[in-house]
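Heads up, the chain below is alone and in the form predicted alone; it's given as structure tokens.
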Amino acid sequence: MAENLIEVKNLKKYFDMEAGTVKAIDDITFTIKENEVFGLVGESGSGKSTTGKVLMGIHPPTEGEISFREHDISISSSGRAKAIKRDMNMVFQDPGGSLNPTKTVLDIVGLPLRIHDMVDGKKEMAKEVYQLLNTVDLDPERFMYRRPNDLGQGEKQAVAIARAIATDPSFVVLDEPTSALDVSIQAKIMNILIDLQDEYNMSYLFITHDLGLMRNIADRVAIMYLGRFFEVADSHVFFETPLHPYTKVLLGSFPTTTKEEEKLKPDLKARGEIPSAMDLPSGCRFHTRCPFKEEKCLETEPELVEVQEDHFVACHLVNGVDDVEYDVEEVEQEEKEFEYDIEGIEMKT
């Protein structure tokens, strides 16, 4: 069994604002193994990007522990050892915003090599950057001396990926790395990331709202909602036997490409919008939108517990794969009746 590369315990990250405190991350515990792709899924405002930035030290945690190969890194990046900073990197959602527009691709990709004393002089740096650009499927002859404003979105993201792998890291945070790209370019970037993970034996924290992408790359998946984890499972278990109602809502909302996928797709919808992280609901945070909620869901927040081997769920109504206490068919019928009533009202008006 692979060893844990990263261990996170009771992690919290709060932001104090004029209007109140935003609980972006509110007590999550998880591990990422060596050579594993750990997927993190959730709607906007769930806290998934903040999780990646806290792991990277961009934001120091409010509470909790983070360890990397058993070294405590529960501090901002400036306080971390240089060797650890070299071994951890990040690819951001907006490739244009993460690249210095005044620098050439050679300078951008070569910067971490110079910072970590991995090259001796400009000639050796140019040679290493040349190889890195080839690795991410960019022609070095065409791109080494161009600047970000002369590049397309996919080319910018490829440059960002080349920079992230320049120091041969063990761990990379991928924060929605394809969301700003056209569909055709998304596939190319995803193939590059998958190939690099195999070639370099890296671990990824892959953050996205796109479950189709997640299905193709993740070994394990965590569902995040308002700063908490609701379900964690191996990828195939997550897609074939989801248990949490919110997980079913997410899976029911993404498009499928085959009849087999369509058969597995839950037919369940949530009502309303995600509440503010500054004004969290009492009890289960999903109860304001959950069609199965009971009295205890309004009063007590459920803990994330292991209901089957390596399958964790935070829901009062889920005790195990063979013992789910809510009736999906009954709720689906209620949804149809609700929609029928609405149509009747609209016709009368």
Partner chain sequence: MADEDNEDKKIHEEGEEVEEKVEEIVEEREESPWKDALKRRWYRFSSNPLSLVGLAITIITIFLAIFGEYIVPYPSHGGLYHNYDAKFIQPFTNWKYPLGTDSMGRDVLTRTILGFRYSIRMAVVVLSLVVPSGVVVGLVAGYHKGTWIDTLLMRISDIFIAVPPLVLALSITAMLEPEPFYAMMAVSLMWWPWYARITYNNVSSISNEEFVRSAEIMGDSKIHIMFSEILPNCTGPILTKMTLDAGWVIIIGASLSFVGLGAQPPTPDLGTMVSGGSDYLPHHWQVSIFPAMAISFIILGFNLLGDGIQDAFEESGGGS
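Positions refer to the first chain, counted from 1. Model, not experiment: these values are computed from the prediction.
Form predicted in complex with the partner chain: not shown, discussed below.
Of the candidates Asp195, Asp150, Asp279, Asp72, Asp150 is the one whose heavy atoms come within 4.5 Å of the partner chain in the predicted bound form; the others do not. Taking the partner from the other structure, the partner chain in the predicted bound form has no heavy atom within 4.5 Å of any heavy atom of Val305. Proximity of Tyr145 to the partner chain in the predicted bound form falls within the 4.5 Å heavy atom cutoff. A residue is said to contact a partner when one of its heavy atoms sits within 4.5 Å of a partner heavy atom; Pro169 fails this definition for the partner chain in the predicted bound form, lying far away. Residue contact with the partner chain in the predicted bound form: Tyr204 places no heavy atom within 4.5 Å of it. Three-residue candidate spot Ser77, Arg114 and Glu141; every residue lies within 4.5 angstroms of the partner chain in the predicted bound form by at least one non-hydrogen atom. Taking the partner chain as it sits in the predicted bound form, the stretch 188 to 204 never comes within 4.5 angstroms of it through any non-hydrogen atom.
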